[in-house]
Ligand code: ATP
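Have a look below at one chain only, the form predicted alone, in structure tokens format.
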């Protein structure tokens, strides 16, 4: 672990300006934690005293200040174009909504400020001359790879229930385990997560899902995830008695999640791709389990989950499209490749192939190696179509709306439907993407052709 922290110049300048203005200032939280671990911090945050008025007075005229959280004594200074967040030393009381303090009291001592923080590894402070302040054993927990709440974990999670998900996210990002009492309190207080806004839950879950150790953490704390996404809980005990599968649907899902690229849409699709399986499970006379129609059921359930989390429409559409298509039979015929490239777009088509590869990774041993040639053949077909400049969208058609207007089409929905039908004919190889052929078909659609 690093012994000395080298803060970048733009952040040190803000800290020095605060001290020149009569404030006590320290680097705190994640930037200290990450530096001690030898990781490059994304942000450099400062805690300072004796209060927000003194902080703004020390920085006024030297930096552009953005009042990002006046109620909580937080201001952001722009230094060399980079944001540095400064928060006044504070203590907090009362958390009626289990998320925000009812009252904030500004204090003079760093120790009081550190005592309010969530985990010991985040309750660290550093000063270039005075060194490290570690009142709660954060450095030892870093060395041990342990996440431990500052003080009583039950109280910490009751104050701000989002800390439960933050703890899982930190564990998944850092490869840490939760200390026993902290882990127990996270599970015992999980129902409080129902009171947290869906947008905040979505933000934490997305970061957790994209972390290197997401599958291991979710395997250790399924009840926490199922509290915020109860639709997924039936997967935990849904067995898959089929030669192509191993483990429960939930175990399979975690293997797929681990194998999928760490990109939000793909990780969400991995988590949700089989969520409809429990509701479609049947068993044949031979005792083999079947899940007919599970892709469509999973898509419908995924749509409800994405909507409930207030996911953006664009992201939800992408996730649900991948869930719907994850059972595609490979190798795809050229016509099918073309249609899916047109429907999904280049990025998500190749993302679908990665999801399918991850899905196979989570199935019976040996199936991935057996099926990979089919996946690579499909990939080559798609790459060849793109290299050839194949018509995949309305913008690629050899005719456009103006051409159809000249033929006599009226502006409006009918014009759009005609263009869609021409594109569909090209995608299905019923028509070549040539102007003359498309115009002839358009005349037929208009009713004026031969």
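Positions refer to the first chain, counted from 1. All values derive from a computational prediction rather than experimental measurement.
The same protein also has a form predicted in complex with adenosine-5'-triphosphate, omitted here; what follows describes it.
Participant: Spell out, yes or no, whether the shortest heavy atom distance between residue 163 and adenosine-5'-triphosphate in the predicted bound form is within 4.5 Å.
Facilitator: Yes, contact at 4.5 Å.
Participant: Taking any heavy atom pair closer than or equal to 4.5 Å as contact, tell me whether residue 30 reaches adenosine-5'-triphosphate in the predicted bound form.
Facilitator: Contact with adenosine-5'-triphosphate, yes.
Participant: Evaluate residue 118 for contact with adenosine-5'-triphosphate in the predicted bound form, applying a 4.5 angstroms cut-off between non-hydrogen atoms, and reply yes or no.
Facilitator: So residue 118 counts as contacting adenosine-5'-triphosphate.
Participant: Determine whether any heavy atom of residue 403 comes within 4.5 Å of a heavy atom of adenosine-5'-triphosphate in the predicted bound form, and answer yes or no.
Facilitator: No, residue 403 stays farther than 4.5 Å from adenosine-5'-triphosphate in the predicted bound form.
Participant: Counting only non-hydrogen atoms, which stretch in 31-39, 385-393, 54-62, 405-413 is within 4.5 Å of adenosine-5'-triphosphate in the predicted bound form?
Facilitator: The contacting stretch here is 31-39.
Participant: Just to be sure I understand the contacts: of 250, 170, 157, 136, which is the one whose heavy atoms reach within 4.5 angstroms of adenosine-5'-triphosphate in the predicted bound form?
Facilitator: By the 4.5 Å criterion, the partner-contacting residue is 170.
Participant: Just give me the single entry in 76, 363, 122, 216 that has a non-hydrogen atom within 4.5 angstroms of adenosine-5'-triphosphate in the predicted bound form.
Facilitator: Only one option qualifies, and that one is 122.
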